[in-house]
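We begin with a single chain expressed as structure tokens, specifically the form predicted alone.
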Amino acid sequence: MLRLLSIEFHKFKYSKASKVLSFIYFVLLSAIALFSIIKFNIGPIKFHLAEMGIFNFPYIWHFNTYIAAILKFFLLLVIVSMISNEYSYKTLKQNLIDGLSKKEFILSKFYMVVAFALISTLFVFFTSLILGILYSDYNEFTIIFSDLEYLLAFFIKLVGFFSLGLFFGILVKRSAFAIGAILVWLLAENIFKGYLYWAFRNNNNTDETVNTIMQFLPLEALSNLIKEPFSKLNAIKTAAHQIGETITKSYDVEITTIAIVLTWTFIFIYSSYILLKKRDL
């Protein structure tokens, strides 16, 4: 594994575009800390995001992983561009000539995917821990380290999403087309979701029926891993209560969703291997 990883990091080292995109990604992750200094003072109205509780333990694990997951597109570009470069610069063919098997090639890419996801998760963990220690109203040890399942969900989400990018990169060979294919897939899932709402429009439990079906699609499953955290804030719940609404949404990281994402991850990686195995290079 270390040998295959070292090969990938050597390629990454000499890829200027990949280094720039990775740098932008981690700078944007660091920018989460800027939420702590956002203040608005308009007469008697004072608005300070940090005082709304977004950095309170354990809520911060949910909030920061959700926000950080939005930025995963930058690392997806890194994964896809590295695959594209393998074909453009013929390094894939050279690796195979030098004795690297097609299975080892796919494994090297998968290990890189896992490495990027792990580094990102650790970065979010330490950033969140520092912000929480600085701004959280709750600093008991048991509270600080509760709800860490959101970090696990974040890691799995990145591995799954990057594996999707790896599959499309192998499939179409060009980074622009691979990104386009992912966007088409996203559009297709949304069209299918709209069709389901139309098909079950007379059902008494339309939302539940549609969600039950959609949860098995890859991008929907990835989205379901970390649900939006905003309605979880006490300020939002209080506002909803004042207008007669009660928020009963579950924000848990569900084992079923994890299993679905891991299954799709395996499908994408194995399919990438099958494509490469059958392809004449």
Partner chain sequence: METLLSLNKLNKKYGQIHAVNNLSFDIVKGNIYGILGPNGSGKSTTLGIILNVINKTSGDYTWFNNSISPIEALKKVGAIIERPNFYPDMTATQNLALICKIKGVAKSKINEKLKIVNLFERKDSNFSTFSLGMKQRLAIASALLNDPEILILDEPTNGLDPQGIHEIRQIIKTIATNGTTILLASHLLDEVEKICSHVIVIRNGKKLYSGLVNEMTASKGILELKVDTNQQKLLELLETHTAIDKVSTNNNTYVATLNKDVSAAEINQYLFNKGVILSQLIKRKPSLEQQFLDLTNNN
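Numbering follows the first chain given and starts at 1. Computed from a predicted structure; not experimentally measured.
Unshown form predicted in complex with the partner chain; subsequent notes refer to it.
Note on the partner interface in the predicted bound form: the residue among L148, L183, I97, I130 having a heavy atom within 4.5 angstroms of the partner chain is I97. Of the residues given (N211, N203, T91, N190), T91 alone sits with a heavy atom within 4.5 Å of the partner chain in the predicted bound form. Contact check for S22: no non-hydrogen atom falls within 4.5 Å of the partner chain in the predicted bound form.
The closest non-hydrogen atom of S15 lies within 4.5 Å of the partner chain in the predicted bound form. For S101, a non-hydrogen atom is located within 4.5 Å of the partner chain in the predicted bound form, even though that partner is not displayed. Not one of I60, D137 and K249 places a heavy atom within 4.5 Å of the partner chain in the predicted bound form. The stretch that touches the partner chain in the predicted bound form, counting heavy atoms within 4.5 Å, is 82-90, out of 169-177, 193-201, 111-119, 82-90.
Residues from 1-24 that approach the partner chain in the predicted bound form with a non-hydrogen atom closer than or equal to 4.5 Å are R3, S6, I7, H10, K11, Y14, S15, K16, in the order they occur in the chain.
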